[in-house]
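Given next, in structure tokens, is a single chain: the form predicted on its own.
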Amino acid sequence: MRNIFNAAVLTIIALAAPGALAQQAVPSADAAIAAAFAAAPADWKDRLTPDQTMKVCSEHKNHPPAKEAEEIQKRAQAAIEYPADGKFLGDWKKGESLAQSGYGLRFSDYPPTRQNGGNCYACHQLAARELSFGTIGPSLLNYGKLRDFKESEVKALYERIYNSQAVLPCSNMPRFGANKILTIDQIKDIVALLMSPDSPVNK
């Protein structure tokens, strides 16, 4: 844990420090992060190496030039995997359970003992009855109702959850499908949570 803390501190210094100090801090932060996860399982190693999209987003502090933003969107859109049955709505009750679960991808969740959750409540309000929710993302109250439950909106939502960067380059939202955080069926269940008339989201 101390190594992880040190890596975080160095990363903050690198982001905050001007000029030469930042240039010196970044390599140190990279080395500290690598050292902190030296004993990580083999299937975690790729998480320490940013892909092309993340490199561009980091380089431009999430505000890439128009041409590069367009390339990110095209790349993300082209890689979306759609349901084999062509249906985008799953079970909203399962979706609600997933949205309220923060399990998965934490060091304490390894080896995994159950399916990952979406952790949606950490960034969004999902139902009027909720008393505690994150505000990094917009409220999702009445999400489907505000879009008249249109089929085109259902598909668009699936794409946004699968890889939000297909819609908004350098989005802070996790790339749930692209990074295999959630399965296609799980994404369908969360789509149902937001787009089903019977869901508490739309009550």
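Here the structure is a predicted model, which means the values were calculated and not measured. From 1 onward, residues are counted along the sequence shown.
There is another form of this protein, the form predicted together with ligand HEC, and it is not shown here; the text below is about that form.
Figure note: of the listed segments 81-89, 67-75, 123-131, 107-115, the one touching ligand HEC in the predicted bound form, with heavy atoms no more than 4.5 Å away, is 123-131. In the predicted bound form, ligand HEC stays beyond 4.5 Å of every heavy atom belonging to V56. Contact between P138 and ligand HEC in the predicted bound form is found at the 4.5 Å heavy atom cutoff. The closest heavy atom approach of S152 to ligand HEC in the predicted bound form falls outside 4.5 Å. At a distance threshold of 4.5 angstroms between non-hydrogen atoms, N172 is in contact with ligand HEC in the predicted bound form. Heavy atoms of no residue among N163, K180 and A192 are located within 4.5 Å of ligand HEC in the predicted bound form.
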